[in-house]
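Take a look at this single chain in structure tokens; it is the form predicted alone.
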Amino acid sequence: MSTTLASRASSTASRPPVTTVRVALAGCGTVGGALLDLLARHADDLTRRHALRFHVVRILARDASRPRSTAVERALLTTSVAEFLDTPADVVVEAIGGSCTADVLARGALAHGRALVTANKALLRTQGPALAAFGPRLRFEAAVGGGVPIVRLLREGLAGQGVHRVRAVLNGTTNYILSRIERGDPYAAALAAAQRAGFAEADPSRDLQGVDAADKLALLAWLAFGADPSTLEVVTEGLPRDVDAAVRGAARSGRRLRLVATAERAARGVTAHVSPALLHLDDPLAAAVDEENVIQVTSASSGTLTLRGRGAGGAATAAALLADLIHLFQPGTH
């Protein structure tokens, strides 16, 4: 046998067998549809690079009759939570949002011995520690930061390094609106553009009032400091009422207005707040534009690390869900 043929045979023999993962997907809207598109588009690459084959076995939807992505097999759709949970699966991906149904799905999945991958920061804010008590099968990279891998950094990369501060722009919707206003749009037009782009909900109040950022900050404080996110007080202030004037005033003073979330370890415990801030242009958080998030983590061992990437939108969130799926099931990662 030639050297080339021998090396190919050796390479083939050393590859791990392909693992088939049965996926039950809850939610088939912007995020769920984007995840299905990713799984279909990158199926060959996932098998070649990670020895994984993801097989979607059931899809839970609120309305099975709605028009959907071509990646959705309508035979897999169900509107029954019981039928969804009864379907044999290795992992439940929760992208349905809200809290009531999501709580039932999350607990049901973990109680059945399945892994749970979720993008639901509101659910984790109230139920995170209880769900984590089921074991290491809970993953939620997509719940904070979109495509920014901050959850894994805090869970693994900075574990034991004495993190004492997290400072971030965490809400892509408000950041997109502020960026549009900086480019000349009035607030109403900027909000409408955010809704058309899929960054803002029909009711954007959770974003605009800082609640979404507060939920994410509570989760980061949980990971960084061990604070219980369900009881942590996050002092929260949303965008100013006259945001157009605030953005113009910031520009005149050579600054940028951003909604900043900060959590830090203090002598009296963990403090956390979300509020608008006028940032100097050389501040890394001021560099967040459109739907981007920027997150700074300061620790005793590593100093200050800065992460930046898309923090909103179906594509970024779906990519984070897929990253968790790969991390859970890739051969040799456990």
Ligand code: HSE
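One rule holds for the numbers: they count along the sequence shown, beginning at 1. Computed from a prediction, not measured in an experiment: that's the story for all the values here.
The same protein has a further form, the form predicted in complex with L-homoserine (HSE), not shown here; the description that follows concerns it.
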| item | value |
| --- | --- |
| Distance check, E201 to L-homoserine (HSE) in the model of the complex, heavy atom within 4.5 Å | yes |
| Heavy atom of L217 within 4.5 Å of L-homoserine (HSE) in the model of the complex | no |
| Interface membership of N171, L-homoserine (HSE) in the model of the complex, 4.5 Å heavy atom rule | yes |
| In the model of the complex, K121 touching L-homoserine (HSE) (heavy atom, 4.5 Å) | yes |
| Interface segment, criterion being heavy atoms within 4.5 Å of L-homoserine (HSE) in the model of the complex, picked from 305 to 313, 262 to 270, 47 to 55, 281 to 289 | 305 to 313 |
